[in-house]
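Given as structure tokens, the chain that follows is alone and in the form predicted alone.
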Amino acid sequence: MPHSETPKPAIILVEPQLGENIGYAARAMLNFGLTDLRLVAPRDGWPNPAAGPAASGADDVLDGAGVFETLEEAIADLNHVYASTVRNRDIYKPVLTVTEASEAMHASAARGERTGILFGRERSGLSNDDIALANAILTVPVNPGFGSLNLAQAVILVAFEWSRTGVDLPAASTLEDDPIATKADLVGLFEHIEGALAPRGYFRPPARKRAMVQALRNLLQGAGFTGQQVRTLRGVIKSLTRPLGGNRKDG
């Protein structure tokens, strides 16, 4: 399969604020052959009249952009997600350079798996809740004394590196029998576990619940579960939380 036919990464903008920045990001994407743009709760709604002029002809990217209310919905069909952000030492998450992440995305695409890259809000970036849904953190080696990139600059750096790497990687001829779980599968597992733990008093004290949920999601995210493994785990959780003797009949 030619390189151009493998799945290309989606660019996911989380709560973007300015239409111009969405347009600039679309322009950056199309320069390097990326067309799957996903917007999570854009502040000024969508479509945004300021995006078109800034896109400078990347209208197909804008016209095809998906709009989602939540990040979970935006990444539901993806198998691997990378969070473009500075390293947060409070979060246990693999940290990859943009080159390492690009090579990993090409390898995933060769197996028929879908990938995406998260970019955060212009002012505050990605939240810990956002990062908890990612497989790894993607970093750009900028000047440590001045690491200020705007949204479009970050997108173009990542898109360029993706286009530069992996061109000579052979594509897989067949898909794995049990492909890696999608984010929708994983979010379902997260919610299943969290729902089972809550009534048993796991999230104590209540003020720590959000941090504990993030820690659990980061832990499970790193396991690399396949779809079948997620289904197996959910069956185990369902069995463990079923009342004892609930399925028994008196003899």
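For every residue, the number given is its place in the sequence shown, counted from 1. In this text the structure is predicted, and so the values were computed from the model without any measurement.
Although it is not shown, the form predicted in complex with a further copy of the same chain is what the next lines describe.
S.K.: Name the stretch: of 69-77, 150-158, 109-117, 127-135, exactly one has residues whose heavy atoms fall within 4.5 Å of a further copy of the same chain in the predicted complex.
M.R.: Of the options, only 150-158 has residues within 4.5 Å of the partner.
S.K.: Of Gly64, Pro47, Gly33, Gly188, which residue is found within 4.5 angstroms of a further copy of the same chain in the predicted complex when only non-hydrogen atoms are counted?
M.R.: Here the answer is residue option Gly33.
S.K.: Is Leu197 close enough to a further copy of the same chain in the predicted complex to count, meaning some heavy atom within 4.5 Å?
M.R.: Yes.
S.K.: Please check if Leu219 has a heavy atom lying within 4.5 Å of any heavy atom of a further copy of the same chain in the predicted complex.
M.R.: Judged by the heavy-atom cut-off of 4.5 Å, Leu219 is in contact with a further copy of the same chain in the predicted complex.
S.K.: Even though a further copy of the same chain is not shown here, does Arg38 get within 4.5 Å of it in the predicted complex, heavy atoms only?
M.R.: Judged by the heavy-atom cut-off of 4.5 Å, Arg38 is well away from a further copy of the same chain in the predicted complex.
S.K.: With heavy atoms only and a cut-off of 4.5 Å, decide whether Ala55 touches a further copy of the same chain in the predicted complex.
M.R.: Ala55: yes, in contact with a further copy of the same chain in the predicted complex.
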